[in-house]
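Listed next as structure tokens is one chain, alone, in the form predicted on its own.
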């Protein structure tokens, strides 16, 4: 009888352990299809169109991102993204600065890591299409980008050794890495998983997209006027913010003002001897731009109208004095405004039509590390949501 009770207890404990086990998703995220090689490929109507590169028209072709990941790699990255286990003191996750409720930014002029940084946290929507990362373009791949804030002493403050140690100390992560990669956790594989998750953050189903695919009722009359002004010869917004991704991912000098602390940022010029890169920053996507205020690399502008007015004013009018900036030729060269007040308002209204968060990921309710989830803005702080 006693042995039978012990056996029943053991079975109950085994059943509970199985119930508590986190199983990684073996299905691709929405809008992705599973290929024969086991990786996920993005499916979008834009892939069916035929157009020259950087066409910028409403039915412009974009190819699915070339780098693909498995469903389990993507899902493991989702857990890691929201888990503070990666940071040096277990209090900060990637989502602390890239909050889904803030367009995968954080709503601050300058991001806050272990202290306040010099630049804002950029959005992560559609980063899978980029060929350079960070405001100054210093990272060439998503994996490289994922590691930079992780190991920066000013941001998450970790080291490859501390990441590997923390992940291997968590039984759930040992199991999850085995599910995704067939081996124990390593710092390098953690960066791969984070990149895999970030590559799934796709925003291509806004009201603008419905308009581009043929639904003329998707935009209001003002938004259509704004779109026409946006891509017109006077504003020339679409020369750098090329539809449908609304960026060219290039580095550009636009004459950005110093931040509110008087800091003059050299941008990509700090990494190069090329004088034309002084003050250059990567062109940000305008997708979900309504969610990511304030704007520019250090939050110099609080509203979309202020941004449009900046570009509509005299070329270089707000740039720090004393530097011979090579301002991009698309920034108009005439004295004073060229767009009317109505044009400015219409363009700002059009930008609101780029909102689409239908593929926002599910925030894990349970973290494998059992630490407390820490998303600074908008989300509940919890260690036990699913």
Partner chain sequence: MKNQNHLKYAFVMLPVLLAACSGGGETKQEAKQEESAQASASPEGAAGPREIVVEEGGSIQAAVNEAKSGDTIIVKPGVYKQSVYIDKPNITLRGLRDGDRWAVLDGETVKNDGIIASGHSTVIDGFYVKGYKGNGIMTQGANNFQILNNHVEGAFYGIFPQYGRNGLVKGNTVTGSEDAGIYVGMSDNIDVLENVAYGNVMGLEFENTRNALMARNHIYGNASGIALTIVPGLPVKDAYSQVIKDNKIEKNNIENFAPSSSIAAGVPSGVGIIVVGPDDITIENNEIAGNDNVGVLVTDLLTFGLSNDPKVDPYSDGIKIMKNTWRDNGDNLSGMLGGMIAAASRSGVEILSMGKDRDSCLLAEDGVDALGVDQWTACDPSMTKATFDTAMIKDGAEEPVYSPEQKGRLTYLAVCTGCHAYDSVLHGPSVESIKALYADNPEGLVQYAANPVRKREDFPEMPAQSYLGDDVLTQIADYILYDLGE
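Positions refer to the first chain, counted from 1. Since the model is a prediction, treat every value here as computed from it, not as a measurement.
There is another form of the same protein, the form predicted together with the partner chain; it is not shown, and what comes next is about it.
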Looking in the predicted bound form, any heavy atom of residue 89 within 4.5 Å of the partner chain? no
Given that the partner chain is not shown alongside this chain, does residue 133 nevertheless sit within 4.5 Å of it in the predicted bound form, heavy atom to heavy atom? no
Whether residue 234 contacts the partner chain in the predicted bound form should be assessed with a 4.5 Å heavy atom distance threshold; does it? yes
Answer with yes or no whether residue 302 is in contact with the partner chain in the predicted bound form, where contact means some heavy atom within 4.5 Å. no
Which residue, 210, 119, 114, 291, has a heavy atom that falls within 4.5 Å of the partner chain in the predicted bound form? 210
Under a 4.5 angstroms heavy atom criterion, identify the one residue in 97, 229, 146, 124 near the partner chain in the predicted bound form. 229
Is it the case that 93, 298 and 306 all touch the partner chain in the predicted bound form, with a non-hydrogen atom of each within 4.5 angstroms? no
Per-stretch contact check against the partner chain in the predicted bound form, the hit in 97 to 105, 162 to 170, 178 to 186, 270 to 278 (non-hydrogen atom, 4.5 angstroms): 270 to 278
Across 20 to 41, the residues having a non-hydrogen atom within 4.5 Å of the partner chain in the predicted bound form turn out to be 27, 30, 31, 32, 33
